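Just one chain is shown here, as structure tokens, and it is the form predicted on its own.
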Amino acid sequence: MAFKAKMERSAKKKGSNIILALDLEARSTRTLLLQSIKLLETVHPYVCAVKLNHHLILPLGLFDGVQKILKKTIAYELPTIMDCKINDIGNTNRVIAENYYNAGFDAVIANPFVGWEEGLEPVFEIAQQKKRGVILLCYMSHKASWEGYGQIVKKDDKKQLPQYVAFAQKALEWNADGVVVGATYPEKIKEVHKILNDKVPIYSPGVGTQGGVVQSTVEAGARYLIVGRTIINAPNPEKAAKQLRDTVNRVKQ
């Protein structure tokens, strides 16, 4: 099953558009692994997918401890996204994508700054072969995003436009499975959504701890909300995840 369809099926089955960003930190790898699995066991009924970053990959090992986490996500029928922000030459990008796909991830996040030819083309090729997904960064959630994603660029036709608009257009051209636009910038979500017109879903990190608001994020056009610290650091992660799911569902209605 293609990644977009897998995400849609999971969201419908779970009744949730929340993606858990499993970005835990701990002093020991054993504690990190146990905490990660415990969190998954607690909140899995309220999320539709799980995103991993280097918080877990580096200390636990892609084909070691991380496999135990992926085994849990498979048991809970949750698609997994590797937030590796692929951003190198084509041959290296291909090897990176192959390793994450072979490890069991359903999708990777990539940075369109490197372009297509000898850039991200091999990633999309291997994704198509393996029926996996590629999500492109369009506008990140942190304060300095404007320095890269907001800069004004010239296209081949000499037309000037913001970098994130050019990346949204690339997402359509390259048939990406999603784009990332920070929940902290609902006006950017709205602008990107007009370009994508539901053909490419928007994934929005930054709700809660970073200042993003559920209502403005969803109303602007985000389909999936990526949430980490707001759930992880809550006194009751299960309650926090449920409340977020229910809030998104109310706004959607």
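Remember, it's a predicted structure, so these values are computed and weren't measured experimentally. The first residue of the sequence shown is number 1, and the count goes up from there.
Below, we refer to the form predicted together with a small molecule, which is not included among the displayed structures.
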{"property": "Contact assignment for the small molecule in the model of the complex, among 126, 165, 114, 109, heavy atom within 4.5 Å", "result": "109"}
{"property": "Contacting member of 180, 176, 97, 120, with respect to the small molecule in the model of the complex [4.5 Å, heavy atom]", "result": "180"}
{"property": "Interface segment, criterion being heavy atoms within 4.5 Å of the small molecule in the model of the complex, picked from 136 to 144, 87 to 95, 69 to 77, 168 to 176", "result": "136 to 144"}
{"property": "Interface membership of residue 216, the small molecule in the model of the complex, 4.5 Å heavy atom rule", "result": "no"}
{"property": "Touches the small molecule in the model of the complex: residue 240 (any heavy atom, 4.5 Å)", "result": "no"}
{"property": "Residue 229, heavy atom within 4.5 angstroms of the small molecule in the model of the complex", "result": "yes"}
{"property": "Residue 188 within 4.5 Å of the small molecule in the model of the complex, heavy atoms", "result": "no"}
